[in-house]
Structure formats: C-alpha cells, structure tokens
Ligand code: PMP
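What follows is a single chain, given as structure tokens, in the form predicted alone.
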C-alpha cells in the first residue's frame, strides 16, 4: 500500500517521519537496522559530504517528481572529489537507487532525500586521508513544502563571517562547513531573529543561514556572486534562470553591501530545504512594506508550479519516480 502522508505537518527536519528503509553501501536496509559502530561517529562526520534533494508530489499526475536529480548528484561527485574520495557507485546507478528507495518506502508525498558520502572505515582516533573509496548512505523522509506560504522572516546580520575558499571550500556541501552556519543560526535564535545574513571576509553579503539570498531593487534581481563565499546553489541557479527567461528580469550577480539590503524593495532566501521564503526585516529595517513583494511572490509561485509539475515547462528539472 502506498503511503499518502499529507496530513501531518512536517515543516522542520526534527519532525520528519522515519522511513521503512534506507540504503547503505549497496543494500536496502530496514531503518532500525541501519547502524554503525559508535567509535566512527565523530570521524565520519568530519569528512562527510552530502546532498539535500527535494521531491514534490503532484496529485493530478499521482507522481513524485525528484527535482534536479542530475545536478545534485553531479555536485555530490564534485564534493567527493574535493575530499579526495572515490564514489562508491556510478551516478546513473545512484539515480536508480534513490528512485527505488522512494518506491520501497511507498511515498506519495513531498519528500526530502539525503545521500551521504564519507570515510567510515578508519580506526578510532584516526582521520582518513588519501584517495580512497567512500562509503555511502541515503535516507528519504516526507517533508512539507513552504512554497505556498506568505510567511516573512525577521533577519539580522551575523557577527560571524562566512568561511572563504582558502579556509574550507564553501561551494561544496560538506557537513563540516555547516558549523559555520550553525554559529550564525544560534546567534540569530538567541537574539530573536529567524535567520541571519552572513558577511564574507571582505564585509560583503555572502548568504543567509543555510540558504542563498536575493534582493530586488528597481525591478532588478540582485544576488551575491558564486565567488562571494556561497554554496554553489542549484536552487539559486534555477531562480536566476526562470527570472531571466520567464519573468524578463534583469539579474546581477555581484558583490553586495549589507546596506543595499536595508534599502532594497524586496528580499528573499532560497535553497533546497528553505525553498523560497520572504524577508520582512533586516536589522530592524523594514524591507518594502514588510510583506511578500510582488516580484518575489511571482518568483515563488512560478517556482512552485514548475517543481511540482503543475506548469509542464522545464520538464528536464523533474525526474518521475513511479
């Protein structure tokens, strides 16, 4: 029986329901059997790279569409290369594993997919090095989409700076990199903010907490460049693509000062997990009217319709599961 898991709110990763199966280094394993020795806990996370991938359920098609599957797995391969880690499995085979894992868990719901690659065979207290084969694990869990929400975020500029490419490469998805974002996220929480803007070593805006960030000024969409210390975001690329091609917006990728955001007409964040969410205030400065901007809402709506397959354009973004 296919699981129609649409009624319970799952807007945070803490509330995600456990699946029946995960995949680990060549085998589909029941959730409660997917374990490894406690001595490997710390070391595997130090060198671990991953992807967060969204899949959207289209009720009319009775189909789960995995978003940008090829692009995510290509970035995972690049992240593994930066760790000098050889892939455990070829990309084309990994694609089928992910689709089969959704099918084995009988999901007909919006789903979050997380493939992990790591060195898991080093002895306790030893950091693996050198070009070696990486272990892999994949989990899938249902999660609700926020793409129809008008919620606005209260954002503060963090005192923490974004890691730079000569410290730890921010363009890849490494678990270790996310400690940088966690410092900013905890500071924001303590200070009563929903999110942070994080500046790079030059004092320019890099990104928001775990997400990329955009502003709109005079009908121009502006975002920090990929050399500003940001994750090389797939969602960011998608937003730029549809904003240019479908909405006819001018797009600038460049260095951006924090004060430009203060006086912007609209602003929003984007990412696989965060999707598209609006910014209402930054450091107490109201952005526009403090409500979702007209252009930002248009971008969010178009993005939602495309990723869910309600708008049949950009079919190459979507991989059907069933």
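Positions refer to the first chain, counted from 1. As the structure is a prediction and not an experimental result, all values here were calculated from the model.
As for the form predicted together with the ligand, it is not shown, yet the points below apply to it.
Using a 4.5 angstroms limit between non-hydrogen atoms, residue 158 is distant from the ligand in the predicted complex. Contact between residue 196 and the ligand in the predicted complex is not found at the 4.5 Å heavy atom cutoff. Of the heavy atoms in residue 184, none are within 4.5 Å of the ligand in the predicted complex. Proximity of residue 210 to the ligand in the predicted complex falls within the 4.5 Å heavy atom cutoff. Interface residue among 277, 47, 272, 264, judged by heavy atoms within 4.5 Å of the ligand in the predicted complex: 272.
Residue 233 is the only one of 243, 105, 233, 152 with a heavy atom lying within 4.5 Å of the ligand in the predicted complex. With the partner omitted here, the stretch from 172-180, 185-193, 215-223, 133-141 that lies within 4.5 Å of the ligand by heavy atoms in the predicted complex is 172-180.
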